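Shown below, as structure tokens, is a lone chain in the form predicted alone; questions about how it binds or moves come after it.
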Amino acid sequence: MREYIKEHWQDFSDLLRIKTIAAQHIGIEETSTWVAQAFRNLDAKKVAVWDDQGGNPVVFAEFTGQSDKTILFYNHYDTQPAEPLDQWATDPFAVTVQDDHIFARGIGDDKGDLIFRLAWVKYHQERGDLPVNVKFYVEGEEEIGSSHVVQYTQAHQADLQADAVLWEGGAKNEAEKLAIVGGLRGIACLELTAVSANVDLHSSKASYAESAPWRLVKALNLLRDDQTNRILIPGIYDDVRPLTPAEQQQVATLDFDAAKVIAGEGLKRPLLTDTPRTDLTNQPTITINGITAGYQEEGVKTVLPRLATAKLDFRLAPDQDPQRIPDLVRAYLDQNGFTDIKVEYIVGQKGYRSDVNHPFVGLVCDTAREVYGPDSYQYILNSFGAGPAYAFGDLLQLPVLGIGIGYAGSNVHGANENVRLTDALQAVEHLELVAQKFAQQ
């Protein structure tokens, strides 16, 4: 099978040559059509392009296997923009193979995982021996928040019935260990706006008039204790579920070398916590993503700006409700005299965490031990990033696990995005063993 996948993954590589940028409304129809046709070419039992809930189309496909077990794959066909293009050493929308590396936008997130899963299905379809029933849910809005995923999973719940979900992908970490991820953090994105006058004023009037940037900075300063990194908004920790003893044991095994992190990321300030493993897994954060105010061009313009905005994101523990965040922020600002600061909820996603004791979790870990080696993988309760796993885990009541083809140097979302072919082939070997063992349960 390894040699077959090595030869045939490029049967599907045209997917990488399509520019599919959801944020810019580029390539959506072309790509969803390509994905649907790829499933038809593989003689899927059912192929459907869903658009009944709005947003970008969802492509669904179903294949019949040799057991009564069903694995549902979640993937997405949209990618991040490739800009700045001058940082790429290759054309991001070509497929460049250099030694063991494959370079292209989306090869690591998430077209590459979909391509190798399709090659795996093709291998079995040609032989008529697909070990389990397989379903695919492939969406086109993941990179812009998956705002319609709940509507689609609810509307098509009958089609999506399965026994387990394999998430969009996964990767080896800096220590070359496969990270098996059992869920994702949640997120809430807000914009805060301060308006101090009807027009920008001459800066000499700062003698009596407050500027919007100063007003906004004072409001932002209320939100976090910069000594402890603790969020100061009342109630924000109320729905953080404490880790169980079994989950605490898993967290304790996570690789986190503080010195290597500081050196590798070039941090100029000390770490904000003595418990980074726990905080990354199960504590909320608040981040100022950007502040916009006043004159930013070359030279000097002595102005007192009337308008200032800040974009914030809150990374949330898996059980937290992102819809609560803007109301909590609003109430806290009002209590402290900042009723004039506008709070806008932009987008959010609830997190999800699979039950660490679920048999499928054990199966995926046991098979990883066989493929990668006993000390070459680790189980992560939930990814430190966000994604719509809750729409499948909560609604369908299924374990959601991420395994895939990436590695720590894949540069996902950045220039020169790449995967290593040997990692991709090893990931398919792992997928094969998971399917074979699952069929026997």
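The numbering used is simple: start at 1 and walk along the sequence shown. The structure displayed is predicted, hence computed values, not measured ones. For clarity, a rigid core is taken as the largest C-alpha set superposing within 1.5 Å between two forms.
Beyond what is shown, the protein has a form predicted together with another copy of the chain; the following relates to that form.
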Which of 101-109, 88-96, 150-158, 215-223 lies within 4.5 Å of another copy of the chain in the predicted bound form, heavy atoms considered? The stretch 215-223
Candidate spot Pro131, Leu243 and Asn357, all three touching another copy of the chain in the predicted bound form (heavy atom, 4.5 Å): no
So, in the predicted bound form, is Pro81 in contact with another copy of the chain at a 4.5 angstroms heavy atom limit? no
Decide whether Asp238 counts as a contact residue for another copy of the chain in the predicted bound form under a heavy atom distance cut-off of 4.5 Å. no
Is there a heavy atom of Gln250 lying 4.5 Å or less from a heavy atom of another copy of the chain in the predicted bound form? no
Does another copy of the chain come within 4.5 Å of any heavy atom of Ile346 in the predicted bound form? yes
In the predicted bound form, the one of Asp163, Asp313, Glu168, Asp319 near another copy of the chain [non-hydrogen atom within 4.5 angstroms]: Asp313
Across 324-341, the residues having a non-hydrogen atom within 4.5 Å of another copy of the chain in the predicted bound form turn out to be Gly337, Phe338, Asp340
Could you check, with the core superposed, whether the Cα atom of Phe256 shifts 2 Å or more between this form and the one not shown? no
Please determine whether the C-alpha atom of Ala158 is displaced by 2 Å or more between this form and the one not shown following superposition on the rigid core. no
Is it true that Thr278 shifts between this form and the one not shown by 2 Å or more at the Cα, once the core is aligned? no
